[in-house]
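One chain comes next, on its own, written out as C-alpha cells in the form predicted on its own.
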Amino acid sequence: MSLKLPDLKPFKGWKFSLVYIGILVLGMSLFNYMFMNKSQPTIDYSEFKNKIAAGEIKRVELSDNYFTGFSSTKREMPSMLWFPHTRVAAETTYRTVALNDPDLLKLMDERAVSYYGVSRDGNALLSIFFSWVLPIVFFFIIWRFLMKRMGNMGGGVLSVGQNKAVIVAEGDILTRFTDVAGVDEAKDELVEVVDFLKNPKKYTDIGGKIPKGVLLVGPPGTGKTLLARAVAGEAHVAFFRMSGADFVEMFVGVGAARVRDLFKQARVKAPCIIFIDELDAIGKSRINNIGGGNDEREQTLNQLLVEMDGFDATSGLILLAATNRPDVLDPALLRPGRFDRQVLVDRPDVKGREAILRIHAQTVKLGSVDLEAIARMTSGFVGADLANIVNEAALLAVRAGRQIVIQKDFEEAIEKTVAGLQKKNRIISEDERRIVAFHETGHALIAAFTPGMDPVQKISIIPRGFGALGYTLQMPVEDRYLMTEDELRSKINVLLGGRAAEELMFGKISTGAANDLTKAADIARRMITDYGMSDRFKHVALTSRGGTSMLGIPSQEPLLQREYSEATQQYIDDEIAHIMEKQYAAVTQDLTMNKKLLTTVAERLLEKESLDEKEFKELVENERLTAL
C-alpha cells in the first residue's frame, strides 16, 4: 500500500507572510473566547446549598472543579417582533467551586435533586493542545520564517560558510551539444572533457590526464554558460553552478569557507562538473593590488588555488569557469595544472549565425523568411542578440495581427536592436526634417560611391532611440577581420558625408553630426597611435592600449597607458585634424559633383520617410543613366 501525498498545487503560489500569522493569532483568540472561556460567574457555596434547599435547583452536575446547578423557572425573554413579551421556560444556571462536602449529597437526596458526575478529559486534552502544543508550533513557524529571511540576506548565522551552488542532479540537465550552434571549435575542445567523464579508463590506461580546469573566454552573450550546461548534459553527471560573486560576503573568511564546502560536496558526488560563472569576480590579479585591497577576495582566491591543486585529475572532478575579462585574471589561475585549457567562445561567423537563428526559430511559426540573409545582416551579433531578434520578430508579427513571422518582421527587429525604437510621435519642424534628410542622404551617397564599403540597406528620417533623428543602416556582405588604410579612410568619409551634405545644401552646419565626428576622430587616432599609419611614426604603436578594435575584437588591456611625450601628443592632434580636413574636402567634392542626385534622394526621403536598399539603388542608377 502506497501513501499518496495530497495535491499541493492550489497552494503553490502562496507566499508565507506575517499577515497569515496575524490571522492565525486572531483565530486562536476568537476560538478561545467562544469555546474555551465560556466560564460563568460563581456564587458562594453556602448560597448554592440554600438554593438547593429552597427548591430552585432541580439538577446538579458534579465535576472535579465546579458544581453546576440548573433550575427550570419562568422568566421573560427579550421582546421579538413576531413574539412580543413572551415568557418561556428556560434553565437558570448556578455555579460554585467544588468542595468535599458529604452533607451536600444528603441535602440533594432529601430535596429529590438529580445529580450526576462528568469527566473533563476531552476538554483537558483540548486545553493542553491550545495552551502548549499550538503556541510551540506557532513559535516554531516564526523561527523558521525568520531564519529563512536571514538565509536569503546572506546565508544566515549558522549557514554562512555553506556554498550557494545550484546543484543539478544527474539526468536533470536536458541541454545537449545539438542545442549549441555557432561555436563549433569550442565544442570540439570540450568533446574530450565529455569523453573523459564517460570513459575515463581510456585515458588513464595510456597515462593521459584530462585538464583540471577549462576556462571559457569570450564576449558576453556568446554562449559560455550554455556550453557548460551542454557538457554536463552530454556527460550525464551532476552539475554544480555558482557565480563568482556568491563567494564574496561582508564577513572575512566566508568566501574561503564556501570554496572548501563546494569542493567537499563535489568530491562526494564525483564524477561531476563545477561551473563558476563570472570568474573575474574572485580571480582578479593580486599583482596590482597595492595598498591593501579586498582581503576577503584574496583569501577566496587563495583557497580556490589550493583546492584546484588538491584534487586528482583522475577523480572525475572537472572545474569549468567562464569570463569575458581574461586580462584581469591572476596569472596563478592560468598556469598549467589549474586552468590549463582556455577555450575561446568568439562571436559567430555568418554560417554560425544562421545555425543559431535556425535553432531559435524552431519554436516560431515562420512564413517566407530567408535566414541566410538575416545572418548576413547581423554581422557582429552574438547568440543572445540573435535570440532576442527572433523573439522581437515574433512580437512584431503579433502586434501586426499575423499568425506567422515574415521577413519584414526580422528586418524591423534588427533595426530596433541596432538603432532603437521608432518614435513616430516626436514632433520635428520642417526645417529640421530637411536637414536630417540631406544629412542621411550624404552618408548613403558617400557609401554608395566608395568602393568596398558596406551596402546601404535602409535610409530613414524617423527618429529612433535616444536623440537619433535619423539613421543610415549599412549591413556588411561578409565578415571582416582586417582593414586596410584606404578602407579606414573610406569609413571616415562615410561618417563625414552627413555634415558635408548639410554645409553644401544649407551653407551651415548643425549639432547632428556629433556622434559621427566622435567615431571618425577615433578611427583617425587609432590609425596613428595603434596601427602605425602616419608619416612620422610608420610601423610604430604609440600606446599599449588594446581596447576594442575596429572589428570588435576584444582587447587584453582595456586601460590606456600613454608612453610618449607631449610633443608626440601635439603631433597626434595635428595629424588627426589633418586627416579629418583632407577626407572632408574629398567628401565635399564628391557631393558637389552629385548635387542633383543628393537633392533627388533627399526629396524622395522627405516624401516617404524611409528608403530601402532597392529604392535607393534605383534612384542612384537612374540618375547616373540620365547623366550619360
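The first residue of the sequence shown is number 1, and the count goes up from there. Just so it is clear, the structure is predicted and the values come from calculations on it, not from any experiment.
Here the subject shifts to the form predicted together with a small molecule, a form of this protein not shown in this document.
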property	result
Answer option from 179, 101, 432, 530, heavy atom within 4.5 Å of the small molecule in the predicted complex	179
The single option of 543, 457, 225, 303 touching the small molecule in the predicted complex, heavy atom within 4.5 Å	225
Partner proximity in the predicted complex: residue 212 to the small molecule, non-hydrogen atom cutoff 4.5 Å	no
Residue 183, heavy atom within 4.5 angstroms of the small molecule in the predicted complex	yes
Contact of residue 221 with the small molecule in the predicted complex (heavy atom, 4.5 Å)	yes
Exercise: residue 255 in contact with the small molecule in the predicted complex, heavy atom 4.5 Å	no
Location of the small molecule contact in the predicted complex, chosen stretch of 494-502, 354-362, 332-340, 107-115 [non-hydrogen atom, 4.5 Å]	354-362
